[in-house]
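Shown here is one chain on its own, the form predicted on its own, set out as structure tokens.
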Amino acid sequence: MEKVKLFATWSSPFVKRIVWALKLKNVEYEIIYEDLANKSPELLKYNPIHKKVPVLVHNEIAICESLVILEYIDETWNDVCPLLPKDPLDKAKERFWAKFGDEQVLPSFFGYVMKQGKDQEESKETTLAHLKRVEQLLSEKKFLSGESFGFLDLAFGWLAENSRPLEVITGLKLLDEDSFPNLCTWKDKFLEIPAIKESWPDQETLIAKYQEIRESKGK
């Protein structure tokens, strides 16, 4: 019998994409929540290089890094809900934009909303430019992966899930319908997917978490 474990923290956007993929694939798994200030021996054993979550352990074999884990899940449980396209070029494009999301969009987005004053204004232009690129990906498409959701939608799922809590604590309208109509439509469709909807964290708890982070950065 297959044994699947996921080492996680409840608020990590990188963890959430793995949770979504496992649910979409109907994979039974055990989730182990980590205290990153006091990491468990198991986490250090399974991810000795980066010592961070998520880590997927499948039959005692560890897979690290969330985008790598997504591909592993898609290829291992390939009979249900395919995430990546079969065409090599289409697959390469999704990998490229997913990496762009993690390396450029996500850090600039969170950096923008967590900063205050002059620092925030200086990061605004870069953040909006990145979001415009993602907006253009949705031109004439329902989802980032095409007519149905897939790998790239899961990779950018943090944007759909976290935009409202971050708007609440900052007072900034991050995804307005005038500037980002495609992204706003995509966000609503993405959050209505049952596996996504049932995995939503409590919004008030998430707001409190980000408020605490923002206040600590402002000290």
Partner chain sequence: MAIAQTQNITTCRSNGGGSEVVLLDFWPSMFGMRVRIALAEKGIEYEYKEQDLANKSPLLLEMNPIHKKIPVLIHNGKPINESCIIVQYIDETWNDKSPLMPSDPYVRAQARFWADYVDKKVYETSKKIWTLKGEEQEKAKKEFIEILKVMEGQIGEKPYFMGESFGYADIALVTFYSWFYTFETLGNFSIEKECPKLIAWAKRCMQRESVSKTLPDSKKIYDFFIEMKTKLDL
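Numbering follows the first chain given and starts at 1. What you are looking at is a predicted structure, and each value in this text was computed from that prediction instead of being measured.
Although it is not shown, the form predicted in complex with its partner chain is what the next lines describe.
Screening 124, 95, 141, 132 for any heavy atom within 4.5 Å of its partner chain in the model of the complex leaves a single hit, 95. Among heavy atoms of residue 61, some come within 4.5 Å of its partner chain in the model of the complex. Although the partner is absent from this view, residue 65 contacts its partner chain in the model of the complex, with a non-hydrogen atom inside 4.5 angstroms.
Although the partner is absent from this view, residue 110 stays clear of its partner chain in the model of the complex, with no non-hydrogen atom inside 4.5 angstroms.
Heavy atoms of residue 49 reach within 4.5 Å of its partner chain in the model of the complex, making it an interface residue. Residues of 81-105 that come within 4.5 Å of its partner chain in the model of the complex, judged by any heavy atom, are 88, 89, 91, 92, 95, 96, 97, 99, 100, 104 in sequence order.
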